[in-house]
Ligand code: CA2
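Shown here is one chain on its own, the form predicted on its own, set out as structure tokens.
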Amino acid sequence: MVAVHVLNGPNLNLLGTREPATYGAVTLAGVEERLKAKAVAAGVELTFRQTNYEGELVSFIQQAGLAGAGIVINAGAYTHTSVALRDAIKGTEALAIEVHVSNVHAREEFRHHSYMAPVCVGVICGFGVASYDLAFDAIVPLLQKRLAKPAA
């Protein structure tokens, strides 16, 4: 069965209340409910997690990657600072899509660089919480294709 882990980093628990002009009014629980409905319709197992701790996010990535699950990751500020997250994605050969609610390239210069992007299959940003939906829709067929390949 195709499995997708949606992993959220620091301050994403404040989605819906933190800087609504930038991030919108939908809460992380609202995002989770939307994706649960999509997962049920697609026959996909969904795991949804949030942490404010870098090491815990590394562990979540390792668990998902080693299990062969796809990863939709909004690492928040860790995107721009964490080699550890990058190494966890690469080290487990996880199929991962980096997600951001805001358009990070229209914001402060320090947000323009991602340590994870080079080891992700794609990056989606700037579409509000719909960025999660777009990433989910993109990763499912990639996982199905990976599962359909015969083992070497």
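For every residue, the number given is its place in the sequence shown, counted from 1. Because the structure is predicted, anything quoted here is derived from the model rather than measured.
FYI, the form predicted in complex with the ligand isn't displayed, but the following is about it.
K.L.:
Can you check whether the pocket is open or blocked when the ligand is overlaid onto this chain using its placement in the model of the complex? Blocked = 3+ ligand atoms within 2.4 Å of backbone or C-beta.
P.N.:
Judged against the ligand in the model of the complex, the pocket is blocked.
K.L.:
Any of the heavy atoms of Ile139 lying within 4.5 Å of the ligand in the model of the complex?
P.N.:
Output for Ile139 is no: heavy atoms all beyond 4.5 Å of the ligand.
K.L.:
Give a yes or no for Val58: in the model of the complex, does one of its heavy atoms lie within 4.5 Å of a heavy atom belonging to the ligand?
P.N.:
Looking in the model of the complex, residue contacts with the ligand do not include Val58, since no heavy atom lies within 4.5 Å.
K.L.:
Examine Ile89 and determine whether its closest non-hydrogen atom to the ligand in the model of the complex is within 4.5 angstroms.
P.N.:
Contact with the ligand, no.
K.L.:
Should Thr51 be counted as a contact of the ligand in the model of the complex, where contact means heavy atoms within 4.5 Å?
P.N.:
It does not: once the ligand is placed as it appears in the model of the complex, Thr51 has no heavy atom within 4.5 Å of it.
K.L.:
Heavy atom within 4.5 Å of the ligand in the model of the complex: which of Ala64, Cys120, Val101, Leu85 fits that? Just give me the one.
P.N.:
Selected option: Val101.
K.L.:
Does anything in 1 to 29 come within 4.5 Å of the ligand in the model of the complex by heavy atoms, and if so which residues, in order?
P.N.:
Contacting residues: Pro10, Asn11, Leu12, Leu14, Leu15, Arg18, Glu19, Tyr23.
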